[in-house]
Ligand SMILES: Cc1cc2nc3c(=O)[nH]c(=O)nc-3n(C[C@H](O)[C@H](O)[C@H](O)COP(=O)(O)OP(=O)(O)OC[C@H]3O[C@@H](n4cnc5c(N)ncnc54)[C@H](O)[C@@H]3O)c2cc1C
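Have a look below at one chain only, the form predicted on its own, in structure tokens format.
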Amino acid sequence: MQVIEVQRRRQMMTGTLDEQVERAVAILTEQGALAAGSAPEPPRVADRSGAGSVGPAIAVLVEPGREQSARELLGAAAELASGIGGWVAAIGPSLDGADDDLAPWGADEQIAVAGREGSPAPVEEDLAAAASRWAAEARPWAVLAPGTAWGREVASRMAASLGAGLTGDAVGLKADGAGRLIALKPAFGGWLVAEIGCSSPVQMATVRPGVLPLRRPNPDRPPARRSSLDAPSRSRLEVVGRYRDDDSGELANASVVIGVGQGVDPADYTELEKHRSAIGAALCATRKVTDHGWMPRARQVGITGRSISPRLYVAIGTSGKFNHTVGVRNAGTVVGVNPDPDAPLWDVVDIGLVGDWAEVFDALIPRLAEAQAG
């Protein structure tokens, strides 16, 4: 078990509203929280181990339209492969294009899964069957998948077919001293992280999007080998259309995020949208907000939602309970706004402003926009 500990500065602003805002902006500017290039440069994707396709393979299931999640998983897989002398195989539909080389992101081989000629991309059931046949022959060291509806369905079907252990919704990955995969998974309401291992020859895990560091692409890695798998349709399921209730990719990539709790009246969302737009922020929400249907479920952040790591996170209308704030523990700087001077929120922020969110934002957002432009 590992205890999750995040050290925040807990600096409470004092004085009039204008004085609080001026002090907060000064601190944010000093810390580089408002500058686009201020964040430390992330590490580069690991170099190829040199094992070619001889060592143990780590397979990454690549979901169409989820580039960010795929790149996070490939970077983590490449790091694991460098430690065990292995290589990385990216498996998924639409990986046979000439301009979509995933080698800089960590792939040593790209395996395109195709359905019948002239048919659309294979459904999850058929893709899982094809990937399972590949894994039964290749016996990969591990199979990693995104913790999305698509990833869970494909990975769970593969685990059942292969008789493999599957850890769901992991927030971290590592190899232990015996060369086995260890998946880190929240436990006890998220206060602890448990280390989960698989006893099966093929080890599997789904990983929550947004929790792994997005590594810089490595242009020195040689181009990925190309191969393909056939996924004949079983004709048991036909997908007539797909849609998402929100563009969650925006939230995953946002450098500035405003977190909205139920203390913000939905009638004020129009005004909030103006503030969001002024500083180029994305919006996320607590579970109670999405339970009420005030924001799409894809915007939920916390232990039962997404995890994000923006450069700047501003929380309004939320008390600061752990089941939400655990989802932003990787944020660079956290600013909290709440009218209650004794709110639990102050224990998990870097900068705290006491007051009504609307009044604070009327004074704060123009100053943030000005500082960003400067």
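The numbering used is simple: start at 1 and walk along the sequence shown. This is a predicted model, so every value here is computed, not measured.
Not pictured, yet referred to below: the form predicted together with this ligand.
Check residue 251 for me: does it contact this ligand in the predicted complex (non-hydrogen atoms, 4.5 angstroms)? No, residue 251 is distant from the partner.
Using a 4.5 Å heavy atom cut-off, state whether residue 277 contacts this ligand in the predicted complex. Residue-level check for residue 277: no, no contact with this ligand.
Is there a heavy atom of residue 69 no more than 4.5 Å from a heavy atom of this ligand in the predicted complex? Contact check for residue 69: no, nothing within 4.5 Å of this ligand in the predicted complex.
Spell out, yes or no, whether the shortest heavy atom distance between residue 287 and this ligand in the predicted complex is within 4.5 Å. Yes, residue 287 is a contact residue.
With this ligand left out here, work out from 133-141, 297-305, 102-110, 73-81 which stretch has heavy atoms within 4.5 Å of it in the predicted complex. Checking each option against the 4.5 Å cut-off leaves 297-305.
Find the only residue in 329, 321, 311, 48 having a heavy atom within 4.5 Å of this ligand in the predicted complex. The option sitting close enough to the partner is 321.
Could you list the residues in 341-374 that come within 4.5 Å of this ligand in the predicted complex, counting only heavy atoms and keeping sequence order? 355, 356, 357, in sequence order.
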